[in-house]
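Here we start with a single chain on its own, the form predicted on its own, put down as structure tokens.
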Amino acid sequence: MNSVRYKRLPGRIMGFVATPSAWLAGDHILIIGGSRFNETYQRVYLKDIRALILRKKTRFIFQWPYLFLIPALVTLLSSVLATRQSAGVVAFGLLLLVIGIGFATAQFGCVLYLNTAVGNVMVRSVASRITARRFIAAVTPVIESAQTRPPETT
């Protein structure tokens, strides 16, 4: 049996539900997506990669579940702390925290794509520029050697 050895590439987002990751094999990159309940696998061959596209995230986007969570938390904290004068300060602090997270995501967040002849493949495990630089540094020499190597004859 022919076993393939994989090496984990930089970048891993551990969310409550989503757990994307990327792995390097001898001739391809395996991108794992999905959630804890199901997984999707996508193979991108090194010889087919034309470019690595790094795009800055332009803004912080709330997903719809979080739109309900933040007002619920503010209401809960306000009701618990209603007897104290600090309830407004806590609510204002939470608002500043959310704005700070949005600002940090807008400043340091990015999206990385592997461009092939068929289309772009998003690497969801890379979400910051620092991780993207490490990913690109790990993958670029392997891609270059795979594309300059003469094809194997069998």
Partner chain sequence: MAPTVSLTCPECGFELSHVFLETPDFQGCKVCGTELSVRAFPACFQAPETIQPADLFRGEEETSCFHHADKKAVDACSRCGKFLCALCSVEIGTELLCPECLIAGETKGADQSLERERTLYDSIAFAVAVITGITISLSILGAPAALYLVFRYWKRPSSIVRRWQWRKYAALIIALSEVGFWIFIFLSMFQQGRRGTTL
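Predicted model, so just to flag it, every value in this text is computed and none were measured. Numbering follows the first chain given and starts at 1.
Another form exists, predicted in complex with its partner chain; not displayed. Remarks below refer to it.
Residue contact check for residue 124: none of its heavy atoms lie within 4.5 Å of its partner chain in the model of the complex. Within 4.5 Å of any heavy atom of its partner chain in the model of the complex lies no heavy atom of residue 98. In the model of the complex, no heavy atom of residue 138 sits within 4.5 Å of its partner chain. Although the partner is absent here, residue 94 sits far enough away that none of its heavy atoms falls within 4.5 Å of its partner chain in the model of the complex.
Contacts with its partner chain in the model of the complex, taken as any heavy atom within 4.5 Å, map within 115-140 to 115, 120, 129, 136, 140.
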